[in-house]
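As a starting point, one isolated chain is supplied in structure tokens, in the form predicted alone.
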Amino acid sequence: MLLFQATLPDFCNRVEGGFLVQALSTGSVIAEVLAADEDSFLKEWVDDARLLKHNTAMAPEPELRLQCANFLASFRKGVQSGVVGKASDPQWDDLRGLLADVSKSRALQGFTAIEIAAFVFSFKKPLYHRLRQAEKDPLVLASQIWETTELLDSFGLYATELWLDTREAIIRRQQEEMLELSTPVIKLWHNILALPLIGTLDSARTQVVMESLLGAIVETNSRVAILDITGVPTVDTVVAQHLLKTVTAARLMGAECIISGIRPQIAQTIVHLGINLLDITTKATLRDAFALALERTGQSIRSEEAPVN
């Protein structure tokens, strides 16, 4: 039975014919392998990376080649000490920084998490091919492959985690932008604002509605704000509470709120739930609310008919 002993930091020890034989450490072997024919290694890796079956979003070849070249240079720098170590060790700071940039750029380009990890894992094939050529002893080769596998797997998971962080940041930013776009404050007339609401109201969206409305009231010094809920599918107790908070906040800013778009079904629901909107002025349509707002602000619209020839 063969007894395998883990590699030491600088040497891998094995016994052959009763003699202790010292072999170069995994890091030293990798450094020599990469330095022997870097151009050939890079070409093989780039070709393999371009043919990955997961690559639905293909990076431009010049960009892919540059990323592979930078990865290779950082990896060589990491193994210069002769010790592979762990992905969290200081010797891999440059490679982790590179993976952060690559993961972020590829997340923005629409790459998937699998494709980000596959970019790192594709480094194994050309590396293992050269390690097998450089080391004929099966035990030492197994040790070298095991150490590099653990290291590259850690980098693959690290790159995937960075991709997830970037995608979550993108999604949060898009949600915020959608909330802002879905709550436009419109200046209908002098001293009159309108805020048409579409879709379901929740706590996060209500906060955006309130901030947008209060900001517009201060900016335009408006006296009346119309909240049109024609596009709100249902009004329950939670939605009603959100509307009451918005109306109260607007009143504190010196503006009167009118809620329009009260359809018969919504009116029945409000009555059935026992929601108290008696202190709030409501109208069935935006047109009626606008007419009331003109009256409250002492304004009117006069239509002039064209003269008949």
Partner chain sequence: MAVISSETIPVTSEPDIVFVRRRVRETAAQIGLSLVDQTKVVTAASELARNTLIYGGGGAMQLESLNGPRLGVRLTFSDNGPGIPDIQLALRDGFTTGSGLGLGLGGTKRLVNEFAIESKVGQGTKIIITRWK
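Numbering follows the first chain given and starts at 1. Everything numeric in this text was worked out from a predicted model, so none of it was measured. Under this definition, the rigid core comprises the largest set of C-alpha atoms superposing within 1.5 Å between the forms.
Here the subject shifts to the form predicted in complex with the partner chain, a form of this protein not shown in this document.
Chemist: Counting heavy atoms only and using a 4.5 Å cut-off, do 233, 238 and 274 all touch the partner chain in the predicted bound form?
Modeler: Yes: each residue has a heavy atom within 4.5 Å of the partner.
Chemist: Heavy atoms within 4.5 Å of the partner chain in the predicted bound form: which of the stretches 278-286, 36-44, 62-70, 238-246 has them?
Modeler: Single hit among the candidates: 238-246.
Chemist: Can you tell me whether residue 200 touches the partner chain? I mean in the predicted bound form, with a 4.5 angstroms heavy atom cut-off.
Modeler: Taking the distances in the predicted bound form, the answer for residue 200 is yes, it comes within 4.5 Å of the partner chain.
Chemist: Flag residue 259 as yes or no: does it have a non-hydrogen atom within 4.5 angstroms of any non-hydrogen atom of the partner chain in the predicted bound form?
Modeler: Residue 259 lies outside the contact set for the partner chain.
Chemist: If we define contact as a non-hydrogen atom of the residue within 4.5 angstroms of the partner, is residue 28 a contact of the partner chain in the predicted bound form?
Modeler: Flag for residue 28 set to no.
Chemist: Going by a heavy atom distance of 4.5 Å, is residue 250 a contact of the partner chain in the predicted bound form?
Modeler: No - in the predicted bound form, heavy atoms of residue 250 and the partner chain never come within 4.5 Å of each other.
Chemist: So which residues in 252-270, when you check the partner chain in the predicted bound form, have a heavy atom no farther than 4.5 Å from it?
Modeler: Going through 252-270 in order - heavy atoms within 4.5 Å of the partner chain in the predicted bound form - the hits are 265, 266, 268, 269.
Chemist: After the core is matched up, is the C-alpha of residue 43 off by 2 Å or more between the shown form and the other one?
Modeler: No; residue 43 is a residue whose C-alpha shifts by less than 2 Å between the shown form and the other one when the cores are overlaid.
Chemist: Any CA movement of 2 Å or more for residue 70 between the shown form and the other one, core superposed?
Modeler: Stays below the 2 Å threshold, so no.
Chemist: Does residue 95 shift between the shown form and the other one by 2 angstroms or more at the C-alpha, the core having been superposed?
Modeler: No, its C-alpha moves less than 2 Å.
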